[in-house]
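As structure tokens, one chain now follows by itself in the form predicted on its own.
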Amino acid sequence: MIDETLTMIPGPTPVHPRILDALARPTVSHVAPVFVEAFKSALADFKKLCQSSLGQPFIVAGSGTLAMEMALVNSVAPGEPILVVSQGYFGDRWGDLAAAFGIPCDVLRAEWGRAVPAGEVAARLASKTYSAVTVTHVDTSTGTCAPVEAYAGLLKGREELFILDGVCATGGVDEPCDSWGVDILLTGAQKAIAAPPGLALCLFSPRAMEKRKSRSSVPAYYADILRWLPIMEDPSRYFATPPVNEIVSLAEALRLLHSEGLPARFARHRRLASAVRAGLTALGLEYVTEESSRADTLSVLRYPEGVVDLAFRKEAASRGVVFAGGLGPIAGKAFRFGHMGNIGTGEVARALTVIEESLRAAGISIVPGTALAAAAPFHSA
């Protein structure tokens, strides 16, 4: 039987049949010409997604957390301080990574649901010099989209490397790496890029590559980008066996992404996010995230009084749609609704309908069709 459950969590996201077909192709040798060409295609199209002409892309087996580790361990030496600009759970993870590698860090931490103001970043940069500044573009725990362009303006001309975590943004939110001066962009395959999970992706600027090359060694083996660089330059070479099928499916996902076009893709994410917000607001739900910082890739909603987290999500799952629970201080108090990747109005409409039905099942009085009526103007835009 085919599982027809619609997974509307903040990743993994629904995978288009074209991408699934690519994933299901027979596994070939990691040096087979057909795979080498697919790998080259994925690398080139990822670089194009990052809107970079000079950056060096890396695609390796792993998760977004590995991509974070690769970014940090290759660009910052033990003892060199970093500034972490955190909008939630995954921003805080940079502190844990830094501690694991003996890297001192200062954390500018926003209240959950808010973004760190650019002025606070400016004040911290004026008081101290760091080796790098890390920013999570969209924090998956809070739905907060950071004012990255404003931060980028502050870092222009400074010595600090600018490391941007795009795990819940890349492919759904504009990230012009060259014009913003991003030194390292990192992400995963399974969110707004909408490929199956299992791949860590990074783009290193020439400045970031020079920083790694200036060091005799790094406290890593698998995560050392200089071990991977020959393969990224010539995928027919060998360091460790790549996940052949996942890279083939990523190549297809990136082809699909670019066939849509970046401006159109970002506009679609904005339009669907507007439909979601209108529908959820009409149901009386309150966002965890303040209005000015809400991401286009997911929504994080507080439960109305009397609605129990697990019971609500179990009810929604029984109706064919899966949502994610809250993390950290909002665990049990909120749910997370991912609306990114290759989804369209049909998936959003189904998800909104199931939220409405599940709230009614929990005893909340709602006129049937309220969410879809509110969302309709954005669906037709």
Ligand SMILES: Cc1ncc(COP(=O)(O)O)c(C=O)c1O
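Nothing here was measured: the structure is a model prediction, and the numbers come from that model. The numbering used is simple: start at 1 and walk along the sequence shown.
There is also a form predicted in complex with the ligand; it is not shown, and the following applies to it.
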- Note on the structure: If we test each of Asn74, Gln190, Thr289, Ser205 for a heavy atom within 4.5 Å of the ligand in the model of the complex, the one that passes is Gln190
- Using heavy atoms only and a 4.5 Å cut-off, determine which of Gln51, Ser63, Thr353, Thr345 is in contact with the ligand in the model of the complex. Ser63
- Query: Among 89-97, 275-283, 172-180, 225-233, which stretch sits within 4.5 Å of the ligand in the model of the complex, heavy atoms only?
  - Reply: 89-97
- With heavy atoms only and a cut-off of 4.5 Å, decide whether Met70 touches the ligand in the model of the complex. no
- Query: Can you check whether Thr140 is within 4.5 Å of the ligand in the model of the complex, heavy atom basis?
  - Reply: yes
- Is Asp165 close enough to touch the ligand in the model of the complex, meaning at least one heavy atom pair within 4.5 Å? yes
- Would Thr297 count as a contact of the ligand in the model of the complex, using a 4.5 angstroms cut-off between non-hydrogen atoms? no
